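Listed next as structure tokens is one chain, alone, in the form predicted alone.
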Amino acid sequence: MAYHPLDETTIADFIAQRPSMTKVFSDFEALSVSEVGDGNLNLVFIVQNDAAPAESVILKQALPYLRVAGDSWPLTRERMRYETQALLKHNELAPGLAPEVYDFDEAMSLAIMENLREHEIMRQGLVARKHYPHFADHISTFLVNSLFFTSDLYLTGPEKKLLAATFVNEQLRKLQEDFVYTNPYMESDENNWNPLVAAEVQAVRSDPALKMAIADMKLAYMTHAEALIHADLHTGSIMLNERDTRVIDPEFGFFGPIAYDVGAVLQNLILNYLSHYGHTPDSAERESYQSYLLDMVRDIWTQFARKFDETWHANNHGELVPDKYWEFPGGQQAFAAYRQHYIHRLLQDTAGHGGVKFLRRMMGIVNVWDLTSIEDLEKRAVAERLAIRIGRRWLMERKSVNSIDDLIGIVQEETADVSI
């Protein structure tokens, strides 16, 4: 079938023709279709059997352009293959923490997958001050399993290189290189920001030391092919409830720096922390939820570091430092010390990549709903100025970071005297 974009009038017939869908739908006579996508790249639809509402799927189709920018910005449809490959790999390495894939049509650039009916987008739940008691455990497990088991710490050199060759993803990588690490910090037509923080935006753009640090992190993003990263792991790419967590939308996936994914998760939680200066007027309620978010940040990193160390110790099958490398008196102690050294470097890189992502969200093409949903621009500016200051410090002070409490401490110091 030649590629053409589907819509609410054509999807039911398409679904009925897919043999894989007989495992999902008991019949195809009462299918309803509704578009639900609000993303920047793709069309997303829910398809449901109205006669048996539990029978439903998500159909996601790539358009031949960047949706957020319009058809004037062409983009390869190959990204749907990359997303499907990544989802299948995530289901293999972190079962139960990604949606199941039912079908993939390469010619039509679409995937059909599990509809997470009982889940919500995490970003929305956090703005509503919801609690997710298992999230730190779930996301740290996802991060460790998806990153460690695709790295040189576990795979042989040939295994990793062959896998990396299937995730080149050149166009979406270029988008991130431009939209995260370059364009927000210079004149570029697609940039946008709250006019009340224009002075802070210009200060970032004209700070030599800061721009050199951003360039260093861009170089790491472009060249540190450490593991298969999700590369867009924000709270809008996580669906969950109080019991279950699923990571969605890995279309940006490629072999990049491990810390990029970790930094994205932690930085998004801090952005939500800041958003409550606009969303939660009651100071006691706000401080309580902000404390909960900082505890979550600490728990995620602590669990990630512990699980990463334990997983590496038990599965040191890669070629970076094979077991024979440590066969000398005191070798196991040296191996343990090296693992801690490696994880400490990941924390510092987490601060660096997270710091850049704070900045890009305040002045680039894609802002963040936690903040843009604050209607009062003055209150929104309070959070945005804090994000710029925190992002700058995470980035500029990254080489002196020794614990997650150093990063949390920066947040606490910058927000200590906020008045709204």
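Everything numeric in this text was worked out from a predicted model, so none of it was measured. Residues carry their position along the shown sequence, with the first being 1.
Omitted here: the form predicted together with another copy of the chain. The next part is about that form.
- In the predicted bound form, P95 stays away from another copy of the chain, with no heavy atom inside 4.5 Å.
- Another copy of the chain is not drawn, but in the predicted bound form it has a heavy atom within 4.5 Å of T182.
- Within 4.5 Å of some heavy atom of another copy of the chain in the predicted bound form lies at least one heavy atom of Y338.
- Heavy atoms of V168 reach within 4.5 Å of another copy of the chain in the predicted bound form, making it an interface residue.
- Though another copy of the chain is absent from this view, in the predicted bound form it lies within 4.5 Å of a heavy atom of just one residue from L320, A198, L88, A128, which is L320.
- Residue D216 is the only one of E287, D216, D244, E310 with a heavy atom lying within 4.5 Å of another copy of the chain in the predicted bound form.
- Residues of just one listed stretch (263-271, 128-136, 96-104, 182-190) have heavy atoms within 4.5 Å of another copy of the chain in the predicted bound form: 182-190.
- Shown here without its partner, the chain carries E118, R298 and H344, none of which come within 4.5 Å of another copy of the chain in the predicted bound form through any heavy atom.
- Contact annotation for 217-246: residues with any non-hydrogen atom within 4.5 angstroms of another copy of the chain in the predicted bound form are K218, L219, M222, T223, H224, A225, E226, listed in sequence order.
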